[in-house]
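Single chain ahead, by itself, as structure tokens, in the form predicted on its own.
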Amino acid sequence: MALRIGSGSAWWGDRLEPAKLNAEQGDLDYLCFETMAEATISAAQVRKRRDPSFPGYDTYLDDRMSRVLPGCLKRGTKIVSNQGWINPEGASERVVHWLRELGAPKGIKVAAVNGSLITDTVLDHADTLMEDGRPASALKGSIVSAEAYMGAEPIVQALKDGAQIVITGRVADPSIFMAPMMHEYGWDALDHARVGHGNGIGHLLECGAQVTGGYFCDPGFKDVPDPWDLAFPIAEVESDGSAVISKVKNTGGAINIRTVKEQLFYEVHDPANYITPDVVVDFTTTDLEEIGHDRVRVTNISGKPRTPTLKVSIACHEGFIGEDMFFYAGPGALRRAELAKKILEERFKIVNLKAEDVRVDFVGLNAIHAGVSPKDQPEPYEIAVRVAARTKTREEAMKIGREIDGMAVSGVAMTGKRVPHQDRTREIIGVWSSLVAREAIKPVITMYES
């Protein structure tokens, strides 16, 4: 019988109800949650620095667990999740709280997998920055956090130790979904053929609804049924790593060759060499076959031996950004916006704004494509003027909001101004990448019980 692995989320802000649906109706062996973007941990570190009471794990942990645990407990579905962020132990204790709150039997094991955070030691192990080739030591004094992308092996160990629920810090997205395959089928970590296939299936699941029609729908070109009711995917995995991608019946969205292909190559720079901590995946050998309604069989994904290093994300303090926005509508909106831009540029000189970069964009005209936006496009009926400046100090960044507030009464006719709020000035956290030897990362597993 195939192993049934379902997706519970594709990132921190993902919808909650499809995870509940998978827990209750997916007939799952495992429900897996991916909740991190590249900057999630650094953002958590910054928040922790500002607010020591912040627990450091997924802020939606309570919402997710309270919804999915009843369904998972009823069927015996195991959970693997990276909702631990910078505090997997705290997140695990919170999960235990919910198990007890929901009347779960005593003795259910919850494992916290830590070890990805290497903030204090990263400069001892990382040598070169992948983005520009500078030595990693150039970041000394500005580092906020550093975390390595761990693979599936510590999760597999936690499952071997009897964990029903595994909560991790930073783990590569496909590895979260692949660990159950390795554990249940007994794949060796160095069996790059099977592990390659499993990572490829994990990659199809890691972005949740993107393989069931989310981020695919383009009205008139790629229509998706009932896109307001997209289900999260389920993989029915065989012992050789081949799988059928499916979803709960009678839900919105679609699973077909096109949706699977789009996710297969999502964020993949080299389809023949998709590097993960566990294996190098080769997607160029993949075969896809539609075998039924919303059912696609995936076979022949290949794998190559894993690299001797792990990727590390290094978050650094890089100054501040001041940002605000105001609006024009009706005939002449663009003409008024252009005059407003000229007024602000002159006023920034008057207040001696010290900025490393200043941008004034007209949202609806050139805010996304900037200088390559077509020059002969029709004048928009509404324009939002977005102003942003990058500065070394918070005080300089705050000048942006102050000058834009003034536009309400000393700007151009019919200026629409939103109410000021505190988020107009914020700290900039830059994220850099480097590599460290595998031996530098020491996973730690801590077990809790309901």
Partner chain sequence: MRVKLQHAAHVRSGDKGNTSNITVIAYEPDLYPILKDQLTADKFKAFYAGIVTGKVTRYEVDKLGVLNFVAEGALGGGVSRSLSLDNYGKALSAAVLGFELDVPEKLGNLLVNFRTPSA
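Positions refer to the first chain, counted from 1. Keep in mind that this is a model prediction, so the values were computed, not measured.
Absent from the display: the form predicted in complex with the partner chain. The rest refers to it.
- The closest heavy atom approach of residue 388 to the partner chain in the predicted bound form falls within 4.5 Å.
- The partner chain is not shown here, and in the predicted bound form it never comes within 4.5 Å of any heavy atom of residue 83.
- Residue contact check for residue 382: none of its heavy atoms lie within 4.5 Å of the partner chain in the predicted bound form.
- In the predicted bound form, the partner chain stays beyond 4.5 Å of every heavy atom belonging to residue 120.
- For the partner chain in the predicted bound form, the listed stretch (244 to 252, 193 to 201, 95 to 103, 260 to 268) containing residues with heavy atoms inside 4.5 Å is 260 to 268.
- Every residue in the set 283, 357 and 372 has a non-hydrogen atom no more than 4.5 Å from the partner chain in the predicted bound form.
- None of 329, 189, 138, 363 but one reaches within 4.5 angstroms of the partner chain in the predicted bound form through a heavy atom, and that residue is 363.
- Residue 429 is the only one of 435, 441, 21, 429 with a heavy atom lying within 4.5 Å of the partner chain in the predicted bound form.
- Residues 37, 38 are the members of 17 to 46 with a non-hydrogen atom no more than 4.5 angstroms from the partner chain in the predicted bound form.
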